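Before any questions on binding or motion, here is one chain by itself as structure tokens, the form predicted alone.
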């Protein structure tokens, strides 16, 4: 019996839960002996590279991987079928569109479906590939939790747990030394990690991209806190946070690369010093610690739901759609709807209201 084939790729940044999706997808597919699952190493590089790196995924190869961070088939943010880097004679890179070539490869090899696990950029890629005729199913993944059309993405809760533990540890040091300690977390456009962990970890200040801050209001807040006997404070700052009238800080390696954000916490620290805050100020950049390590149970469960649903969407030929969690159900939504608008924190939401009600300062 000739097997039907499915190709899985994990693209964009890694996050806890990727392996749990792969495992549940493969285990669900194994119930149907006419199907076999292949992984493309390092996103679609495994298909487009020379030589090709495609890995057969069966129950044995995915056994126990749900507890592991990262992805057993690798990932990348530096290339893709629409912007494949080609080295020029002078050593520079030119980017070419190899999407038609990749789609032709999939047909020649005999892939009946492609599963693309990734965030907003990856799902935008999924839609473009589907529009060109590739049978694609998207699976949402990002620790930033900013992908539209789904209540939550796996990896987010694990990142919140890491950030909350970091805040818990910083509080004791801040209190012991009478300091202001600033924790910078990921969140380029959205402040979900900062907001959730700020509430859970008892931060006094929470700065997020959706609410530009006024340093004078934060200075007043801290002065009042110090006058009332508290000589320390802990702040959590999303990497995309910005002052009113300002912008986020970042660098871009090339026209096609994503913007790398850095410096939000340091800028905030300097602004505090310039405003006259004399208490010792220190910054901690949590960085990639948030993206690595074993996923928390919540993310393992959510990722497993996503993997099973993705395979069942293949059986239903529900291509051009993305798996979505809309509590309490896991459903399919059009890829166009999924990438049309990012999911940002609403400054008027109940969660922001709760944070302000327990005296967390946003500087607005």
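Here the structure is a predicted model, which means the values were calculated and not measured. Positions refer to the first chain, counted from 1.
The form predicted together with 6-O-phosphono-beta-D-fructofuranose (F6P) exists for this protein as well; it is not shown, and the discussion that follows is about that form.
Shown alone here, residue 194 lies farther than 4.5 Å from 6-O-phosphono-beta-D-fructofuranose (F6P) in the model of the complex, counting heavy atoms only. In the model of the complex, 6-O-phosphono-beta-D-fructofuranose (F6P) stays beyond 4.5 Å of every heavy atom belonging to residue 267. Residue contact with 6-O-phosphono-beta-D-fructofuranose (F6P) in the model of the complex: residue 184 places no heavy atom within 4.5 Å of it. 6-O-phosphono-beta-D-fructofuranose (F6P) is not drawn, but in the model of the complex it has no heavy atom within 4.5 Å of residue 241. Between 6-O-phosphono-beta-D-fructofuranose (F6P) and the residues 225, 128, 179, 77, the one pair within 4.5 Å by heavy atoms in the model of the complex involves 77. With the partner removed from view, the residue among 231, 87, 288, 217 that has a non-hydrogen atom within 4.5 Å of 6-O-phosphono-beta-D-fructofuranose (F6P) in the model of the complex turns out to be 288. Remark: of stretches 67 to 75, 166 to 174, 135 to 143, 102 to 110, the one touching 6-O-phosphono-beta-D-fructofuranose (F6P) in the model of the complex is 135 to 143 (heavy atom within 4.5 Å).
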